[in-house]
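Heads up, the chain shows up twice below as structure tokens, two forms, tagged structure 1 and structure 2.
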Structure 1
């Protein structure tokens, strides 16, 4: 089964999710309305709603709470992107101007807050307290992840543990939640939800590491933003960490970070040297290790067709180039 086949099998449900996203994001204020809907129209893989829909197949996927949860999780993701673009000072997202670029940081922050609020409002009627507790913890940790990133900008002395904690909070926990909530919304026992939570966690760690690799090796067209942007913005990701600590690039990287250089040639040279070192390959190995753990979790669950689909998503994350 290919990833496109999985999307086709869930096409009907994903269309419902898309229509509900558009309906939920409507706002009475013209700026909020335009900012939110522009973000929606920018598209995306909708990987989190897809995970929610697939994990719901371990229970009763026809429950209304499943679609509502899928929409809610994509809204949380969208809101976090708006805030993330402010932190990163990013003007492009998926090849289109960000909310902060079209308006300013204040509009972007309030737009993100509005989308967060709509997400919470959507599932306020759910009676499962475990779902509400899980959502609250993840939103809290998303905020901590953003603060971690701000705190560690340009800090070339940070260690691997700091980086892994940051991507756990910024990315992996929301994917973990997408899988767990899909199961719980479909009426699965908590123990099934917990196993799927850890599947999503390991998947999310690999997903973010792959993003960080692609930031160095991807093209502008593939990424929808300039390559090497993380390092240029002072964000130390896994390839840079390995280049700093394993491949003798500490002085070169420290110099560009501490000098706040605007010489693009100097930046390009350092980024190319990171590409040419073994840092990319080391990062890929760690990503593959997380994917292996995610597959091991699935082997502990009933081998339904959805398990094969989830493994196919793990395979895609391990080989994607955009």
Structure 2
């Protein structure tokens, strides 16, 4: 089964999610309304709602709470993107002007807060305290992960644990939650929810490591910006970590980071050296390890067609090149 086939199979449900997103995002102010709907129209992979819908198949996927959960997760993701664009001072996302670029930082703050509040309102009807404890913890950790990222900028001395904790909070927890909530909202027992949580967690770790690798090896066209953007912004990701600690590039990397060099040639050289060092292959190995763990979790669950679809998603994460 291919990824596009999985999307096709979930097409009807994803359409319902899309429709509900549109209706939930309506705002009684033209700017808020436009900003929110533009975000929706910009699209995206909708990987989180897809995971929720798939994991719900371990229980009763027709429950209203399943779609509500999928919508809520996408809203949280969207709200975080609007605020991330202010943090990163980004003017483009998916080739379109960001909210902060089209209006200003203030509108971006209001839109993000508005969408986030919509997400919480939507899910507050759900009378399942376990779900709320999980969601609220993940949302809190998500913001802590973002703060950690700012804290560790330009810190070339950070250890692997710090990096892994950061990507866990920044990306993996929301994927873990997407899977767990899908199961719980569909009425599955907690233990199934926990297994799927860990499946999503390992998948998310691999997803972010892959993102961090692609930032080095992607083309300008694929990335929409020069390669090595993370390092240029002081963000030490896994390939840089390996290059620093395993491939003798400590001085070269430290020099560009500490001098805050504006000489793009100097950055390009360091980025090329990281690419050639073996750090990318090491990062890929760690990513593959996480994917292996995610597949092992699925082996512990009933072997429905859902398990095959989830494995397919894991395969896609491992091979994606954009």
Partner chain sequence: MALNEELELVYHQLRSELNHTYVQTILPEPTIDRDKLAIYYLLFRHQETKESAAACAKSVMVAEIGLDTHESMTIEKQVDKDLIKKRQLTVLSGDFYSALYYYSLARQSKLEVVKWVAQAIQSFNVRKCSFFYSTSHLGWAEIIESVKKIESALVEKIACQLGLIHAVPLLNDFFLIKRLIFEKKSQAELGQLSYFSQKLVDGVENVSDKLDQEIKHKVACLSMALDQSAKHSGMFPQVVNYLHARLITLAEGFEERTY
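The structure presented is a predicted model; accordingly, all values stated were derived computationally and were not measured. What we label the rigid core is the largest C-alpha set whose atoms superpose within 1.5 Å from one form to the other. Residue numbers count along the first chain shown, from 1.
It is structure 2 that shows the chain in the form predicted in complex with the partner chain. Comparing the forms between structure 1 and structure 2, the C-alpha position of residue 87 differs by 2 angstroms or more, with the core used for superposition. In the core-superposed comparison between structure 1 and structure 2, the C-alpha atom of residue 34 has shifted by at least 2 angstroms.
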